[in-house]
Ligand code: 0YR
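This document opens with one chain alone, in structure tokens, the form predicted alone.
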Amino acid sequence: MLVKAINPFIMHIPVTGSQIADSTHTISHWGVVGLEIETRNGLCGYGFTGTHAHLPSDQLIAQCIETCYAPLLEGEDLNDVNRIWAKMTRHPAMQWVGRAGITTLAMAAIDIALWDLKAKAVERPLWSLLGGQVRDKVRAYNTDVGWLSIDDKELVNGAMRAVQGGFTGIKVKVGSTVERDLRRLEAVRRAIGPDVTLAVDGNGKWDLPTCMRFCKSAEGLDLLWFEEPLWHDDVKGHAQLAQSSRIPIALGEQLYSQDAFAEFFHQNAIHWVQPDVTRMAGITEVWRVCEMAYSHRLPVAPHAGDMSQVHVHLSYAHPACQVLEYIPWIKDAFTDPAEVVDGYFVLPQEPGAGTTPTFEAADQFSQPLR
């Protein structure tokens, strides 16, 4: 397959309600920045990367796709995904200006589009192309009921509604004050009972002493994990916290390479591995991280935020993947939405990576590229 045209796009899709907040930011829309790759044989592949819907930075990603990386696809056989990924990663000019951030998010959209094309060319869903279905079900945990912006009463009510709807896992954001967060978590645990997993996510806000104080008081809540308790690159701090508490540590959505994960593995600073295709320049590198986790016998919970359209394929295909985050903001903008029924993600059936936007979404949510 050879390139005929590359068409970047930007969509801004409203989040649940008017806005949501965790410990570090508040947003009202989710950004979907990506591209369509048209091939000379008539196929179209789509890839995207998730953002906070900040139009100027989204436009930078789209321009990076169009002006920096698209020319590197000219003359390449688009089936050679690993070769193209290495070409983009090792390109001297692009490696010089950035091995993370905008360049990586732009690469992610391209890599996903290439995998989407590769799967469509053989008329199979991506999970099948990645090696086939390795589990009957992928359990979903619901994050959309647990934002810090939700008041205490609605937090409990939302968690109970999610459980009544079939979810067996809930995640609640923390990072306000230890006292308030503990009070909210205790109320949720009482409401959902002992048979539903309860995880927490700090989004990297707290320091080590605060995390240790929180963990000491929270150990009786039977938490599945404490996600991003500390600043994202603080390997030593995470290792100290892991040694001092019985609560498992989860992280990875802000790591940009398998080498970054390797250091957390080496320091025994991680228990749940959470790679994200946006930060890791696509599926190609995330698969490698899943293999590393599997070799360490560590479970993977791919970060959605919201890349569930792609991560559901990964979760069905890789044996290390155990659970997947459910955030429903963007799913209906795609022809094969990442649906959850009775607490489990439905196995995708359409050819591709689940990244083909609907015509309605493209019309309704599109933003200017410049």
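For every residue, the number given is its place in the sequence shown, counted from 1. Worth saying up front: this structure is predicted, and the values here are computed from it rather than measured.
What comes next is about the form predicted together with the ligand, which is not displayed.
query = With the partner left out of view, is residue 285 within 4.5 angstroms of the ligand in the model of the complex by any non-hydrogen atom?
reply = No, residue 285 stays farther than 4.5 Å from the ligand in the model of the complex.
Within 4.5 Å, heavy atoms only: does residue 58 come near the ligand in the model of the complex?
No, residue 58 sits far enough from the ligand in the model of the complex that none of its heavy atoms falls within 4.5 Å.
Whether residue 52 contacts the ligand in the model of the complex should be assessed with a 4.5 Å heavy atom distance threshold; does it? Taking the distances in the model of the complex, the answer for residue 52 is yes, it comes within 4.5 Å of the ligand.
Legend entry - the ligand contact in the model of the complex: residue 264, any heavy atom under 4.5 Å: Taking the distances in the model of the complex, the answer for residue 264 is no, it never comes within 4.5 Å of the ligand.
### Task
Look at the stretches 154 to 162, 200 to 208, 214 to 222, 75 to 83 and give the one with heavy atoms within 4.5 Å of the ligand in the model of the complex.
Flagged stretch: 200 to 208.
Can all three of 20, 30 and 253 be found with a heavy atom no more than 4.5 Å from the ligand in the model of the complex?
-> Heavy-atom distance to the ligand in the model of the complex: all three under 4.5 Å.
Query raised in the report: Out of 147, 115, 127, 167, which one falls within 4.5 Å of the ligand in the model of the complex, going by heavy atoms?
Result: By the 4.5 Å heavy-atom cutoff, the listed residue in contact is 147.
>> Quick check on this chain: which one of 173, 120, 238, 184 has a heavy atom within 4.5 Å of the ligand in the model of the complex?
In response: It is 173.
In sequence order, which positions of 313 to 330 have a non-hydrogen atom within 4.5 Å of the ligand in the model of the complex?
Contacts from 313 to 330: just 325.
Closer or farther: how do the Cα atoms of residue 306 and residue 43 compare in the model of the complex versus the shown form, where the change is at least 3 Å?
Here the pair is farther apart than in the model of the complex; there, closer.
Query - Closer or farther: C-alpha pair residue 307/residue 88 in the model of the complex, relative to this form, given a change of 3 Å or more - result: Their C-alpha distance grows by at least 3 Å in the model of the complex.
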